[in-house]
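The chain below stands alone and is given as structure tokens, in the form predicted alone.
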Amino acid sequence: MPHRLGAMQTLPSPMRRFQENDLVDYCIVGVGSAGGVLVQRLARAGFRVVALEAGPFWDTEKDWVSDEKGSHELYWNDLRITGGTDPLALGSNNCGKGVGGGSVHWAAFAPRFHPSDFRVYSEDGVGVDWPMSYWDLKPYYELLEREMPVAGPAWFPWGDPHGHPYGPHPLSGRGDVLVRGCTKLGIRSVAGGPVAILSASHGDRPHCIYRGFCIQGCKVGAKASTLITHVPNAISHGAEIRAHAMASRVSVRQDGRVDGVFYFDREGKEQFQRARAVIVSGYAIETPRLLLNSACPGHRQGLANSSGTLGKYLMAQAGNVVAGRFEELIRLYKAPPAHALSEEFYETDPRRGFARGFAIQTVGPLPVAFAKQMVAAMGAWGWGMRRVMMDYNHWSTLGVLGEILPWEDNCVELAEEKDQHGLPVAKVTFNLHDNDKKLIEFGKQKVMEIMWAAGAKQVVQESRFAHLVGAARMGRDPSTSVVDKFGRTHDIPNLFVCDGSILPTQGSANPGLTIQALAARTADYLIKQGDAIFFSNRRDLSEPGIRYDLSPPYTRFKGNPRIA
């Protein structure tokens, strides 16, 4: 039977298999949002590429179910130690395990970062500036919005105002709540996206049918994940995706260059993949963990860690959820979870007493997730919980998505505890600072005000976090960062990092689109540099120029004309 990736899509077959001692050009660790784009671009450009993925290669018909509890295997549920004054919930909240990574279970909300996000220190005196500008990334935002593709409003008024290549989704009950409440308070909002879920059929993928299981994998195939948007094209161009391959350490030669990756296969046997260059794309916890576990003579603190910043400046976003009960039916499960928002409070306003800001978005918890929120928000239990759940279809939920600044004490380290392979697991420490607490309190109160204005009869809120990034940040100064603006580590010329861990700050926008745009830009850089990556120590930091011809089929220049 064919390997299915959705209702209409199948995996190209057969997939190339490299032999045990074959030398490949690139070994990519992790096939998530960034790794999936990288392997597609590099394979299409003619490089020999192997991508290692710790989890399975999903067959959506065999492996996925439209059930909240049955989708638990999509998440990275291996042992991790979490602590600090405000410890993070991991697993389903942030991390994926399997081809597609977290893009398999993300909500697919795809707003861009603002130009100010790249100049936080220069504009607001907090955080750090990026070693690149928004305008360097803008062409890649536009490119990936077509490759996913992204459906959304014809005009998005915040940041760098822009339109979207595909038409918006219909407004749901909770979207109507957001728009109605914002309108009564004079707050601008938009609806219908931006969300990387098909509002109409596209290529070999069907449109969304609005059944609500977006973060359980989307068996329909309407929601974008690199599993279905980029990996099939990578395989068609000769890449190998090696599933159930848990990277254990990156190997370094005596001359200081990496030469491959050790990994454990499905049977638990350690293997070695030779490579001319290595790209680590394991995300904000597993990337620093792998590099720290790869410590060796000459790199006693871990690879690419001469600055001592590897694992530090981990960030999450404030993700408080405000729930309101209405007399009319809302039906939380209808439409993409996030499909309406306001970014009116995104930028710094000195009158608020804190730096940076937040976005307001719809969220759509299914019944089990909603019940957990009600335990936290109002202490519902027993008969009280049953009574709340009887009214599930009368509740609406809105989320704060707030920018938490990069702090050195928020970090990923190695714990004493070890995993099933004998590797030290990650210890994640997280603490809120004064600016973060002020931002969260203001954002929470503002969203509750919007919920009341929309006509809610009861309003409660749950405190939570979302979207991990950072811990291997990019920068111009090798003494304060891990990689340069193309993800090349300052310490090792043929070792790259490309995923959410390289973000120096994170704004108040969901990071998925930015991560994939950065991956496409890094791929263009690697392709332009050619064999110099493998043999030269010279660093050319000139912009590569965008390669439109590397886009997957059915995406190049497709969609509606853009509004300038």
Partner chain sequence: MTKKSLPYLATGGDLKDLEQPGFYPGYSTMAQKRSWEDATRKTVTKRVTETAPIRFFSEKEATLLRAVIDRVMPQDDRAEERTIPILSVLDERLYKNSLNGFRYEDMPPDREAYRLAIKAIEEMAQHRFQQSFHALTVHWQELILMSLHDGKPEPANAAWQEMPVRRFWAMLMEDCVTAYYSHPWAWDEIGFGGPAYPRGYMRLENGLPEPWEKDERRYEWNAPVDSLSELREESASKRGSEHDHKGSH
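Just so you know, these numbers come straight off a predicted model, no measurement behind them. Numbering follows the first chain given and starts at 1.
Another form exists, predicted in complex with the partner chain; not displayed. Remarks below refer to it.
Shown here without its partner, the chain carries Tyr140, Val150 and Asp484, none of which come within 4.5 Å of the partner chain in the predicted bound form through any heavy atom.
Checked against the partner chain in the predicted bound form, the residues Ser307, Thr183, Asn393, Gln271 give one hit for a heavy atom within 4.5 Å, which is Asn393. Screening Asp349, Glu123, Asp78, Asp136 for any heavy atom within 4.5 Å of the partner chain in the predicted bound form leaves a single hit, Asp78. Contact annotation: Asn510 falls within 4.5 Å of the partner chain in the predicted bound form, judged by heavy atom distances. The closest non-hydrogen atom of Trp64 lies within 4.5 Å of the partner chain in the predicted bound form. Shown alone here, Arg386 lies within 4.5 Å of the partner chain in the predicted bound form, counting heavy atoms only. Proximity of Asn410 to the partner chain in the predicted bound form falls outside the 4.5 Å heavy atom cutoff.
Annotated contact segment (heavy atom within 4.5 Å of the partner chain in the predicted bound form): 54-62, selected among 513-521, 38-46, 528-536, 54-62. Counting a residue when any of its non-hydrogen atoms is within 4.5 Å of the partner chain in the predicted bound form, the hits in 370-409 run Ala371, Lys372, Gln373, Val375, Ala376, Ala377, Met378, Gly379, Ala380, Trp381, Gly382, Trp383, Gly384, Met385, Arg386, Arg387, Val388, Met389, Met390, Asp391, Tyr392, Asn393, His394, Gly399, Val400, Leu401.
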